[in-house]
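Let's start with one chain on its own, the form predicted on its own, as structure tokens.
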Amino acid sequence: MRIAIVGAGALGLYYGALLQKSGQEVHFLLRRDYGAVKEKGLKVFSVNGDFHLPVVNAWRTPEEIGAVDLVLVGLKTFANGSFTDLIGPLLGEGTQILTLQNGLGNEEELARLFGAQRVIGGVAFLCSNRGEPGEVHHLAAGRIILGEYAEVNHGRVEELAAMFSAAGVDCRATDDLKRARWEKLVWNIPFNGLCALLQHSVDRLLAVTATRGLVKELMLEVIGAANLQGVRKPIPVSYADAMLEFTDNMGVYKPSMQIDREEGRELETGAIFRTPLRFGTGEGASMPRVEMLATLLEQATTPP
């Protein structure tokens, strides 16, 4: 399969490298890493084993890549305004678009621009960080859940799941993409938000009784909102304890939003906080802690 990676950050570089290693034809749209990757290839440092791709298809513009079979979107959601420029030149008659972005609203925007029949959603539970240019560090996890946005063809989702599985990714298809997206928000909202606000890694949050309790309270608000969204099967409140236990095993880990704040980059507050708040409160959910966290985070990152 001919694949273009749009948004080749920690997520795009990692999954793209695995797909290339498994034999797929992968093309990376790069900015910061372009020179290093062209010169030295791509290095992956992973808990599952390090590897190096000495030759990588690296490009500066989508026009240089041309039409592909699959566009894998790993952009930060604040860059969604660039969808037309970055994705449009990659589309052929049967091109599929898979977004592995955080938060809510991404499939809707892609469908509006390019047609719902092209769009597949994915939720990635991945702990990875950028390293030096041309390097990516995979620290833990990596599971992907794929689902149809407009119920066009569930078979193609199964085929993509098989492709990722063949590349060494724990990947499965779901018939409830909405539920999968909210399940990730149960983790993303408290940990991305609190870690970015306090500049504490996840282990520090969980080591203190008060902040561990706040994490769980935030999770329960998100679960309550999720279960008002028409999901096929409610998310049980016990999912919060499962996510806490999962995170206990991460050790010292900084979520992407914390790293973005440390490095002075824009934060994904819209897709991870404001859109879920709009969807949740619109259905009558009570989310005061999520609202307060979003507000504090926005104020902390707004220049005086």
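Note that residue numbering begins at 1 and tracks the sequence as displayed. Note that this is a predicted model, so its numbers are computed, not measured.
If you look for the form predicted in complex with a further copy of the same chain, you will not find it shown, but the lines that follow are about it.
In the model of the complex, a further copy of the same chain sits beyond 4.5 Å of every heavy atom of residue 21. Taking non-hydrogen atoms only, residue 274 approaches a further copy of the same chain to within 4.5 angstroms in the model of the complex. Contact check for residue 231: every heavy atom lies farther than 4.5 Å from a further copy of the same chain in the model of the complex.
Within this chain, residue 284 is remote from the site of a further copy of the same chain in the model of the complex, having no heavy atom within 4.5 Å.
Contact with a further copy of the same chain in the model of the complex, judged by any heavy atom within 4.5 Å, is made by just one of 76, 156, 184, 204: 204. This chain appears without its partner; in the model of the complex, the one residue of 165, 211, 95, 227 with a heavy atom within 4.5 Å of a further copy of the same chain is 211.
Here the chain stands by itself, but in the model of the complex one stretch of 145-153, 87-95, 189-197, 128-136, 189-197, has heavy atoms within 4.5 Å of a further copy of the same chain.
Across the proposed site, 35, 38 and 67 without exception lack any heavy atom within 4.5 Å of a further copy of the same chain in the model of the complex. With contact defined as any non-hydrogen atom lying within 4.5 angstroms of a further copy of the same chain in the model of the complex, the contacting residues in 281-296 are 288, 289, 292, 293, 295, 296, given in sequence order.
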